[in-house]
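The chain below stands alone, shown as structure tokens; this is the form predicted alone.
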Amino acid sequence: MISELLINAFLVTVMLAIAIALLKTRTVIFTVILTSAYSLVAALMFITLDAVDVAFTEASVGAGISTILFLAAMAYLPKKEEENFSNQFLPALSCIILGAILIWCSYDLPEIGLISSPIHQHIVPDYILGSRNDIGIPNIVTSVLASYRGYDTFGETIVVFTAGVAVLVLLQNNKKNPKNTKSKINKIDKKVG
């Protein structure tokens, strides 16, 4: 129990350090790297909470695909970045206030893994018994995601896939259009002028 507490405290400290570094960074590439690192630490946090399926999704989508898409989008940015030293006090203050509210609300949650918590009394026994008896899948997590919540999981997969395809289409169109747009504008200018 104490080792779990130390691990969680360490992961939260690392996440906080990454968030502070994100506030301080001035370049896009470091922002992409830090958000990827934040997603990886969040995946580790989900593993400590015994939510391996959510951790896998966070690592693959949050740290993997998102980082690749951000890096691909950076190819369309100008080589020299503008110096923008706007005041970040208000965003930092709003994050601190929101974090404090979330921490305050978390005191009403039941302890992690507590057998007497409402979720373990209501639906979990049905999932445990029904997983093997009703649908014949021995792994309870697989039976919940693939059978009991199959439509929900399928919908989430469609949303992630559609978002990825949309970003790829936008990146592909931006890659093709600037040359065509410039040549069309030059032709119009020659005809008018």
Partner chain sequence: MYLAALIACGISGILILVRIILGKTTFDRILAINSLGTIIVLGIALHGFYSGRPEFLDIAIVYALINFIGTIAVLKLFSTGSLGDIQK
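Residue numbers count along the first chain shown, from 1. The shown structure was predicted, so the numbers you read here are calculated from the model rather than taken from an experiment.
Note that the form predicted in complex with its partner chain isn't included here; everything after this is about it.
Listed stretches are 123-131, 142-150, 160-168, 58-66; the contact stretch with its partner chain in the predicted complex is 58-66, by a heavy atom cutoff of 4.5 Å. Taking the partner from elsewhere, no residue among Trp104, Ile112 and Leu114 has a non-hydrogen atom within 4.5 angstroms of its partner chain in the predicted complex. Among residues of the shown chain, Val14 is one whose heavy atoms approach its partner chain to within 4.5 Å in the predicted complex.
Proximity of Phe30 to its partner chain in the predicted complex: non-hydrogen atoms within 4.5 Å are present. Although the partner is absent here, Glu156 is not a contact residue: none of its heavy atoms lies within 4.5 angstroms of its partner chain in the predicted complex. Using a 4.5 Å cutoff between non-hydrogen atoms, Leu23 does not count as a contact of its partner chain in the predicted complex.
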